[in-house]
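A single chain comes next, written as structure tokens; it is the form predicted alone.
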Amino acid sequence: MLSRAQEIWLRLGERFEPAVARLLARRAELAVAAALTAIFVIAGGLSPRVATLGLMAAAVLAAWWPNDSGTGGARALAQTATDGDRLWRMVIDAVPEPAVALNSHGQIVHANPQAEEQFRARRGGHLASMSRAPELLAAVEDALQLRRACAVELQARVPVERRLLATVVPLEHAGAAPGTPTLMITFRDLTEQDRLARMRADFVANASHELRTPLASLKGYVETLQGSAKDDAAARERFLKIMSEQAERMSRLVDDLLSLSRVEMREYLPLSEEADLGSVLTEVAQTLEPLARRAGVTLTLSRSDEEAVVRGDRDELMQVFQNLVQNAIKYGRSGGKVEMRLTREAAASGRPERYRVDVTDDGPGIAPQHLPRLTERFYRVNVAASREKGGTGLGLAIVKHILNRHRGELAITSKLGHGSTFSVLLPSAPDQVVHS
């Protein structure tokens, strides 16, 4: 049996054995340190007490500092530097916008994939090789000298015209080594933002104009009825009819504006329901038959008896085909015909099986230059005729956004004097089962 004192001694030996081993491994370094200390003591540069404390501190560091054959400390420092270099490169690569890191000489030490693709930024090249904009070069000089962030707007015209916002940020712990980043520059493309701003401004201007016209008409007739036509029964009857038509026009416009806003907000929501296109088209034909009859138009539906199941929102699909058929009735030939045809297209060239719905009229047709713009908001081939027939200029824009959500397509073909065909193409549902 070991005594209590022996157990404690053994445990201390086990605890300090690694430190003693490291101390013995560094006896050469300690001998050199002791010799240098002795020289300083003899020369009077150090007092014996300070020298003794210094040697004790060196021994403790030698015993406890990690050592792999005398190179562990240097290897650990090198590994730390490598990890740090990898880390800041990963951070720049993770920036969603084009970003480059520069050293104190303006050379590119790293560029993320976006900067390489859009600006052809290459490591080792100078900033001027990717952009010669004087504003950017001046901002870099200011950031290097003043050590503060700054932002400048750039106009790029090659390969396409763009407006960019470049932000130059000095890095806090930058060194002067060639491979050490001193500045980071990020580039934000404002072109899409400008385009959306113009679209919003145009939309507000067009909506205001469309609402202002019937409002002005209503106001004028109200003032007339309150004034000179107050006691004129015939004029009152005529004016009230016109006012009712203008109020209906405003109501249609407001309804379409709300509908467009709603489908735009829902455009990116996933679809979880399924619908049978044959059933949808049958209901559309039944709903619009009275409208077609009043216009003197023959409305027909051609489809097979089998189900045509697609993944989609039934109400939104109803709105798509109602808008297309109403347009065909309004702008087709008086006394003509409108046909809805449902067909199935087999999978081909990597695309899935899909269904095609053609809405065809035998009206005057549409000139080719108008076809690409028909789905724009408030765009009309004939503004006067559209307003006269109750059009708002938003129907096809609504159709486009609904089909975007359904991963569908809208194809328009027309020939002057021979009518028009609006084709909706929708992918079929994978399981071909209609959920009630």
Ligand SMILES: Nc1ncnc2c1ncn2[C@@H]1O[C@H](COP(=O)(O)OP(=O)(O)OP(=O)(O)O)[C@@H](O)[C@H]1O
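Sequential numbering from 1, following the sequence displayed. Just so we're clear, the structure is a prediction, and the values are computed from it rather than from any experiment.
Separately, the form predicted in complex with this ligand exists; it is not shown, and the next lines address it.
**Student:** Quick one: of V169, A295, I366, L225, which gets a non-hydrogen atom within 4.5 angstroms of this ligand in the predicted complex?
**Tutor:** Partner contact (heavy atom, 4.5 Å) among the options: I366.
**Student:** Please determine whether N382 contacts this ligand in the predicted complex, using a 4.5 Å cut-off between heavy atoms.
**Tutor:** Within the cut-off, so yes.
**Student:** Although the partner isn't part of this model, could you tell me whether E210 comes within 4.5 Å of this ligand in the predicted complex, counting any heavy atom of the residue?
**Tutor:** Residue-level check for E210: no, no contact with this ligand.
**Student:** For G395, is any heavy atom within 4.5 Å of this ligand in the predicted complex, or not?
**Tutor:** Yes.
**Student:** At 4.5 Å between heavy atoms, is P372 in contact with this ligand in the predicted complex?
**Tutor:** Outside the cut-off, so no.
**Student:** Which residues in 310 to 349 have a heavy atom within 4.5 Å of this ligand in the predicted complex?
**Tutor:** Counting only heavy atoms within 4.5 Å of this ligand in the predicted complex, the contacting residues of 310 to 349 are N323, N327, A328, K330, Y331.
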